[in-house]
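Only one chain is shown below, in structure tokens, and it's the form predicted alone.
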């Protein structure tokens, strides 16, 4: 498909991005069979669609999103989950005995899936596995930078995992848990994530991230699991 931008190029509203209007994705619009940017942000190809990711945008929960949250309250009929930036989610469990059997407590970090989001609030899908994260470092980046952290087909996040040996759980809400084989490995992964957040708009980011990681972990990398 003919495109008129480089990957992660900064674009402005009205800028021509592609001649193929059928590939219009989030943050774009079509006119005369062509795709244009609908907002200021980073242009990229995602799932064969042209998308524009804004610099700063509040996370908008959507059904099917996997997020990292913190249990902020235990109620007779479920749990309240802090999803960051004043956003709360609810796990509704009518059976009090089932609430107790989950073993969740205030302060626990969980990885959960959003069932629905609307005027009634954000509801967590209790039928999906609610994973309590036992260890690791919890950090937060701007949700708009999550696609850049993941990379095309997972290329960026897999690079960090491979070179540090860390398990990295990424929530679409911007919360990230990093659990590595050593404090040094975790520190390297955190530094890489923060570099991506700060330099997402600058070309050559993958090479800079790899260089940083090889300097911090000694260049040997970690075996794939």
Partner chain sequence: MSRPERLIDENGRRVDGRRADELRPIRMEVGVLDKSDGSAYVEFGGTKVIAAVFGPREAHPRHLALPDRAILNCRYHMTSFSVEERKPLGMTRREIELSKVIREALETVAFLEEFPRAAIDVYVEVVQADGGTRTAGLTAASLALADAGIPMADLIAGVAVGKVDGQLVLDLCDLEDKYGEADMPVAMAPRFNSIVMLQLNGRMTVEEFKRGLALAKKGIDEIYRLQREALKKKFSKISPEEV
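Positions refer to the first chain, counted from 1. What you see is a predicted model; the values in this text were computed from it and never measured.
This protein has a second form, the form predicted in complex with the partner chain, left out of what is shown; the following refers to that one.
J.: Going by heavy atom distances of 4.5 angstroms or less, which of 40, 157, 195, 45 would be at the interface with the partner chain in the predicted bound form?
T.: The residue in contact is 40.
J.: So in the predicted bound form, does residue 88 come within 4.5 Å of the partner chain, heavy atom to heavy atom?
T.: Residue 88 belongs to the contact set for the partner chain.
J.: Would residue 62 sit within 4.5 Å of the partner chain in the predicted bound form, counting heavy atoms only?
T.: No, residue 62 is distant from the partner.
J.: So, in the predicted bound form, is residue 148 in contact with the partner chain at a 4.5 angstroms heavy atom limit?
T.: Because a heavy atom of residue 148 falls inside 4.5 Å of the partner chain in the predicted bound form, the answer is yes.
J.: Does residue 20 make contact with the partner chain in the predicted bound form, using a 4.5 Å heavy atom cut-off?
T.: Close contact is absent here: in the predicted bound form, residue 20 is far from the partner chain, nothing within 4.5 Å, heavy atoms only.
J.: 78, 111 and 127: each with a heavy atom within 4.5 Å of the partner chain in the predicted bound form?
T.: Judged in the predicted bound form, none of 78, 111 and 127 sits within 4.5 Å of the partner chain.
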